[in-house]
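Next comes just one chain, in structure tokens: the form predicted alone.
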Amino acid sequence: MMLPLLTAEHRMLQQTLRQFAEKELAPGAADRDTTGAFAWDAFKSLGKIGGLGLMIPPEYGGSGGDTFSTQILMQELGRADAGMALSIGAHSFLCGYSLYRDGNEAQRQKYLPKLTSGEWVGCWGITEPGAGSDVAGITCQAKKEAGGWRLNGAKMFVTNAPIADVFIVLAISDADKPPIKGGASFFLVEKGTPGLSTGKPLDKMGMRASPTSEIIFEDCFIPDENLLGTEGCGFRHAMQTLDLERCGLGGIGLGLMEASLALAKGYACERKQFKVPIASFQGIQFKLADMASATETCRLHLWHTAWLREQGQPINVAAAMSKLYGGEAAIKVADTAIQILGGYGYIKEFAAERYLRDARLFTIGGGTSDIQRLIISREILR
């Protein structure tokens, strides 16, 4: 489905990215799910064609794309390998775009060309072992001292942490103020900084091609020039970035839904029972219809959110709706694909079971479904 919102350039981008994903990502997706390996060659190839800096201006090595471009990227990568799409989204948007939006010129010049080219990998961390949905409950602290800050604490469930070269982390910078009222700031920490370490990669249910781990800071000295943005604005910047993350996760979910539908449709047209393809049975037809309807509804949610952002309008509620609906619909669509494939859907030889395991993250990461409901209901009641 295409809307007038998408230009000829968007369609060309989509074609390019689909070809890239089908050639570079899809063939090894099942193996990476088993081994947890990161697709380094594909990552660097995506950097060469401009896919790692879609929202970054050309002067920093980016492509200067818009919000629709990012949705197309996440959708096409998500169709081929949701785990790699997750890592690329965290690298490009959570880290790269946050650095462009909030960083000063020196920081942009230093880090963005390395990130957009794929020379470096970036990550972004706010969640802690004891603070997930309650971002204001973080305890990681950055204490001011001569020439910089002393960082202590930990971050948890950080995408790309085991392979990252630069870390963007939220910490308490003023213990006398709540994080929501100017007490938190973001800091740039480079790999190799004394006191910085990462835990072993977490053995996850899904998104296994995307490495995730804890980050530990022990008397980590951060120079003043590595304060990202204005001191005390960390919480506001975190909320803006989470809106963008929810759009990205929705795009990955849409791609995964498309892949689930395509798999189920192809199987239903080939599989015969009672001497006819099972696609001729109304029960299967209705399942496919529900899958297709959910997929297109998710697409419209995402494109509406992208349109709002391009108009300069707030997207917090629209992004929450996109993630809430898309996340739960992705699980249902992937589960229906398994049902249509029957026993074959339950074995690893087919991708359906991987789609369901990957989809489960969409109701957790970037703010749980209940958090999205809180955002939406507060706006309704406001």
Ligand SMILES: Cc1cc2nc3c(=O)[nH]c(=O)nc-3n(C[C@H](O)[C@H](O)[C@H](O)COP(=O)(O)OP(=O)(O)OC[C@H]3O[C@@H](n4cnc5c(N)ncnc54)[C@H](O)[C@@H]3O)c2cc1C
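For clarity, every value in this text was computed on a predicted model and none was experimentally measured. Residue numbers here begin at 1 and follow the sequence given.
The form predicted in complex with the named molecule is left out here; the points below concern that form.
Contact between F167 and the named molecule in the predicted complex is not found at the 4.5 Å heavy atom cutoff.
In the predicted complex, at least one heavy atom of M156 sits within 4.5 Å of a heavy atom of the named molecule.
With a 4.5 Å cutoff on heavy atoms, S133 counts as touching the named molecule in the predicted complex. Contact between L361 and the named molecule in the predicted complex is found at the 4.5 Å heavy atom cutoff. Exactly one listed residue, out of V121, L77, L94, A264, brings a non-hydrogen atom to within 4.5 Å of the named molecule in the predicted complex: L94.
Comment: the named molecule is not present in this chain, but in the predicted complex one of A259, A184, I126, I88 has a heavy atom within 4.5 Å of it, namely I126.
Proximity to the named molecule in the predicted complex, taken as heavy atoms within 4.5 Å, picks out 157-165 from the listed stretches 293-301, 280-288, 157-165, 99-107. Contact here is defined as any heavy atom lying within 4.5 Å of the named molecule in the predicted complex, and by that definition not a single one of D31, T198 and P201 is a contact residue. Heavy atoms closer than or equal to 4.5 Å to the named molecule in the predicted complex belong, across 347-382, to the residues L361, I364, G365, G366, G367, T368, D370, I371, L374, ordered by sequence position.
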